[in-house]
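Next up is one chain by itself, shown in structure tokens, the form predicted alone.
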Amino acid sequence: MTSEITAITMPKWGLTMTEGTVVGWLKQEGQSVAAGEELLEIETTKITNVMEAPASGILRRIVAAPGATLPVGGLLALAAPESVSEGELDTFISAFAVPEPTAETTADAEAAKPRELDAAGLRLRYLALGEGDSVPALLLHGFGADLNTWMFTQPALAEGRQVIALDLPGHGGSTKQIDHADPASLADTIGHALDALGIKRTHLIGHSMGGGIAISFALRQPERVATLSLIASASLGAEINGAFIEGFVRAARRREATEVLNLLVHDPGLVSRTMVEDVLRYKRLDGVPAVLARIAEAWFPTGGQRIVLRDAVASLKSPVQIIWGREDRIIPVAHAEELAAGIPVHIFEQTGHLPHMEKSGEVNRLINRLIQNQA
């Protein structure tokens, strides 16, 4: 009967995740669950995320209670048919061991480390996952973030295709020395990065400022964009929370950073202590305060957005979709609603400025569906 038992284990989200903490179960023992249904909440070092059921079945045994911290691969629960006895479940649990790394998994981990490329003289860090003959996807993060913002998205898209997460100039592990930070210049940099990677055409996914860059790139090189998914995107309206931008640029202490980061999500409890520490660590790097101020001035002078491309987006030939959180406190959801008559718009309730992290499963399905429809 062992073959009928499904082990539900701690997932690995992102490069640096080694363990996770069970926040709470959304299903109880004895309940049936469907593949993809929300199963439990797990706190990572970045943010709390919902784990979905890997397969359909009956949740027979919860092994990890709320508050338990497990390594990646640790046993969370068992799913099995009613015909499997309690004794068989006990035997499975007692024999379970977290898989030891093999030569293959070690090689995979080595291959999934960030690398660097040269984009017309700018050194950019990137992470590539997946492989295949399908059109690759490119992920562009928002202001002040880095490629780790895609920790829940990149693996979900990397089946049968290469998915690249890029650190934008001035961010993450990329160069902090840039001469031009305006949307057009950063869009040109994306083109140079794709050239360096040998990618002629891509599915483009952009969040916030990354969405604004994606729009500018699609307008300048439309033949290279297979699909465009815009998540809480900049450049769709003039309004933005200028206090957030100013606060992020200025934040140098834990309290300041926490207050700013809490604005990003519907539930401030999602923001972890490590996420705050990572931002402060980034802010202390040489050149970061100056480059953030330069980017903010180029994009968001006087508390508003300098470039508005709403009408141009509606004219794009590539399939476009817009994804937003109803409770976004950085960029108004009205920017999405104003385009709903001509472009598919998906708005998530009880969600802030980070739908790809707050509602990762649903957002991943939307992006995958748009991509697969163009296959």
Partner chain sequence: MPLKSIRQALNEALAQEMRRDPRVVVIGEDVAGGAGSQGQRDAYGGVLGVTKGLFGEFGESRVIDTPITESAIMGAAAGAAVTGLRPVAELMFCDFLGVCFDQILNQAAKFRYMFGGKAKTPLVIRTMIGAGRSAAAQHSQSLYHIFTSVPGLKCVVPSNAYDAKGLLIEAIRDDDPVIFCEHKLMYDLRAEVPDEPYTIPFGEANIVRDGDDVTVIALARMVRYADEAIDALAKEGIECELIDPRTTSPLDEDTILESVERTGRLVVVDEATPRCSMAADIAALVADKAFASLKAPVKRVTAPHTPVPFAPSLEKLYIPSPERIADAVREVHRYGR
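Positions refer to the first chain, counted from 1. These numbers were taken from a predicted model, which means no experiment stands behind them.
Although it is not shown, the form predicted in complex with the partner chain is what the next lines describe.
In the model of the complex, none of the heavy atoms of Leu263 sits within 4.5 Å of a heavy atom of the partner chain. Mapping the unseen interface onto this chain, Leu280 counts among the residues with a heavy atom inside 4.5 Å of the partner chain in the model of the complex. Although the partner is absent here, Lys176 sits close enough that one of its heavy atoms falls within 4.5 Å of the partner chain in the model of the complex. At a distance threshold of 4.5 angstroms between non-hydrogen atoms, Ala252 is in contact with the partner chain in the model of the complex.
Taking Asp195, Glu159, Asp286, Asp90 one by one, only a single residue has any non-hydrogen atom within 4.5 Å of the partner chain in the model of the complex, and it is Asp286.
Of the residues His180, Arg201, Arg273, Arg115, just one reaches the partner chain in the model of the complex with a heavy atom at 4.5 Å or closer; this is Arg273.
Here the chain stands alone, but in the model of the complex its contact with the partner chain, taken as any heavy atom within 4.5 Å, falls in 254 to 262 among 71 to 79, 218 to 226, 185 to 193, 254 to 262.
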